[in-house]
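A single chain comes next, written as structure tokens; it is the form predicted alone.
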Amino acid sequence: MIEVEHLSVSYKAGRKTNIALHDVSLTVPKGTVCAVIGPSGCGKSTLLKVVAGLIFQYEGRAQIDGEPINPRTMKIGFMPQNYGLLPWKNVADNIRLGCRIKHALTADTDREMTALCARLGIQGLEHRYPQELSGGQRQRVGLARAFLLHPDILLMDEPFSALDAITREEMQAVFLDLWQASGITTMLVTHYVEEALYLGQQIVRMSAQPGSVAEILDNPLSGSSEKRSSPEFFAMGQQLRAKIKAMGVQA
């Protein structure tokens, strides 16, 4: 479970203090995918970095399973927008990287990696390097690394935004397949309304200047391709898009 209470984050820019987040409170129940959506500059990525333990100067409280966030002792999976692959390491070494950093390599690691690669359709690419892969293949390598780690939580910062529309939808389905098998508590930052509705059982809509929580929605339409084409899905998407546009932002 991820708990954030009265979180505020600010930073200095010359003599000026900019407030990135103000009084943000939310709870992501264990085993839930929480999609965070809102206008540019509303602090979505800042929130994710606090939960990842990458930002530690803030007011308020942030915890995982009731404990203060400590990336040294917790296994926190983090997928940035650029996939986070090291160009000088091949696919296999990139996938093992999270386990190696957390000293979590076991006798079963390579067997699990082989199974993940087969499931993700990248078996046979283990000796290639990131620059030899397509965007969708690099995304699959990032997912393999995240799920091989068996993290306590998974944080994803617009991981599918660089992909074309068809590949993005394909990767959303791939992620859901892996998540449904593992049930990892996940926070996903996105600027696509349909992606938030498809992947997020919980949707956090944020407002900007400063970044704060405008609304937290329980989403009964997530995780189903059939529901994705339903009138209810379309209507909820239109409502959510209208609320974001009311803040002067296209979505």
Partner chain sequence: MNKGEIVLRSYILGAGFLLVTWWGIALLMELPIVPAPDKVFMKLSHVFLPVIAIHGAYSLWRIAAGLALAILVGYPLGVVMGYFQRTDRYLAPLVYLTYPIPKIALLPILMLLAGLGELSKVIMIFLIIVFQVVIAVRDGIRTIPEETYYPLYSLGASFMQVFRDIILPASLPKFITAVRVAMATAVSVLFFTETFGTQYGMGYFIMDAWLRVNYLEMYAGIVVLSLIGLLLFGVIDLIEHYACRWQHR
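Positions refer to the first chain, counted from 1. What you are looking at is a predicted structure, and each value in this text was computed from that prediction instead of being measured.
Missing here is the form predicted in complex with the partner chain; even so, the following discussion is about that form.
A.B. asks: Classify Ala118 as contacting or not contacting the partner chain in the predicted bound form by the rule of any non-hydrogen atom within 4.5 angstroms, answering yes or no.
C.D. replies: Heavy-atom contact with the partner chain at 4.5 Å: absent for Ala118.
A.B. asks: Is Ala104 part of the interface with the partner chain in the predicted bound form - any heavy atom within 4.5 Å?
C.D. replies: Ala104: no, not in contact with the partner chain in the predicted bound form.
A.B. asks: Does any part of Met156 reach within 4.5 Å of the partner chain in the predicted bound form? Heavy atoms only, please.
C.D. replies: No, Met156 stays farther than 4.5 Å from the partner chain in the predicted bound form.
A.B. asks: Does the partner chain come within 4.5 Å of any heavy atom of Val174 in the predicted bound form?
C.D. replies: No, Val174 stays farther than 4.5 Å from the partner chain in the predicted bound form.
A.B. asks: Is it true that Phe78, Gly84 and Pro87, all three, sit within 4.5 Å of the partner chain in the predicted bound form, judged by heavy atoms?
C.D. replies: Checking in the predicted bound form: Phe78, Gly84 and Pro87 are all within 4.5 Å of the partner chain.
A.B. asks: Out of 178-186, 207-215, 44-52, 26-34, where are the residues with a heavy atom within 4.5 Å of the partner chain in the predicted bound form?
C.D. replies: In short, 44-52.
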